[in-house]
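As a starting point, one isolated chain is supplied in structure tokens, in the form predicted alone.
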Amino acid sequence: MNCLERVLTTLGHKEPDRVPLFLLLTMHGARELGMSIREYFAAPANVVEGQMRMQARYGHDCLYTLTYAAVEVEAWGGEIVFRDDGPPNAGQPIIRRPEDIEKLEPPRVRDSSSLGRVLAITAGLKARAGDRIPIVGVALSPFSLPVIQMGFDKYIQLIYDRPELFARLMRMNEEFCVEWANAQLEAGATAIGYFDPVSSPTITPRELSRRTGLDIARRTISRIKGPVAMSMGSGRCLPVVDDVARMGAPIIAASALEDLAGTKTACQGRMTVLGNLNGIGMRRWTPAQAEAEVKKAIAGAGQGGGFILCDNHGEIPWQVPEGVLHAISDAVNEWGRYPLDWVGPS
């Protein structure tokens, strides 16, 4: 099977030749090409080459178009702060006080140079990979984007104290998110990772999330013209599995905080589970620990398909060494071959 066939089989809740592996590497291509992170992200051709080399080296089953999460707020006029050993981050918030929302207007995706680079990366990967390897794009949810637009504390106050401005911001963010996700699909993305950590019950009480973030996700995802993987960015998903399943999202990402077998059971036959290797812990793993964590995850969720092994957050840290990534890949090839006779009955 090629990578796409392997993923489609597991999405159909059947067993492919082996458990699919997504190594969501954003920055490691810079090291491969001998560039700084800033230089690497400056030209789409760099990222295309880096992604193709990483996929060839580790044999994982996707290509990833994410450069840095703050690329979206950059399109709204925000500044980006680069560093040498981690992802670029947002600078000063573009919304300094709630009243700024009244004058805020969403950017047009096609007019944004920062988003244009990501679309060029997507098209470049599609040209190189064709239909052999899934290409995963990323869109921040309308409900989670304000953490970067205005800061966490001010955003939480906005939700409770200024409902009219919160509603206006959500309308703008929804339109932007839909346009951005669909532009990536048109450029060649196979699916969109919809990142919505603020909707997770780890951050927002479930009942409030149902009235806000999850309801917004339902509306937004219904307008995205391709498959969507719901990720709560390290936050717990298990309490809202039923809500997400009703949205029609075929994939949900599990947190490292959750029992993977229990999440797989809750999703059985409805959604494929993505997860849940601890990306932060991964920085200090030995190869033997990496193998043990892979075996544990496969034993918990691998049988019967419907499982993609991945990190728990959606971006593997810069500090994770090459030896650990090789150990993860080798362990999947050793222990992830179907049938999983070594696991025993489910």
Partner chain sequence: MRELEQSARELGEALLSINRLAAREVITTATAKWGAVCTMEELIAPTLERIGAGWERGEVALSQVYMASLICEEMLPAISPTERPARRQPKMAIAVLEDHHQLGKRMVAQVLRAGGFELLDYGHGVRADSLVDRALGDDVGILLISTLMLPSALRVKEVRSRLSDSKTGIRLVVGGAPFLFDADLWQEVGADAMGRCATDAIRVVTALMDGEGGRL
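Positions refer to the first chain, counted from 1. Note that the structure is a prediction, hence the values are computed from the model and not measured.
This protein has a second form, the form predicted in complex with its partner chain, left out of what is shown; the following refers to that one.
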Option from 275-283, 60-68, 41-49, 296-304 whose residues, in the predicted complex, bring a heavy atom within 4.5 Å of its partner chain: 275-283
Asp153 within 4.5 Å of its partner chain in the predicted complex, heavy atoms: yes
Touches its partner chain in the predicted complex: Gly86 (any heavy atom, 4.5 Å): yes
4.5 Å heavy atom contact, Gln319 and its partner chain in the predicted complex: yes
Any non-hydrogen atom of Gly269 within 4.5 angstroms of its partner chain in the predicted complex: no
Glu102, Asp161, Glu164, Asp111 - the one with a heavy atom within 4.5 Å of its partner chain in the predicted complex: Asp161
Among the candidates Pro98, Gly78, Pro201, Gly124, the residue which, in the predicted complex, approaches its partner chain to within 4.5 Å (heavy atoms): Pro201
Within 212-244, the residues that have a heavy atom no more than 4.5 Å from its partner chain in the predicted complex: Ser234, Arg236
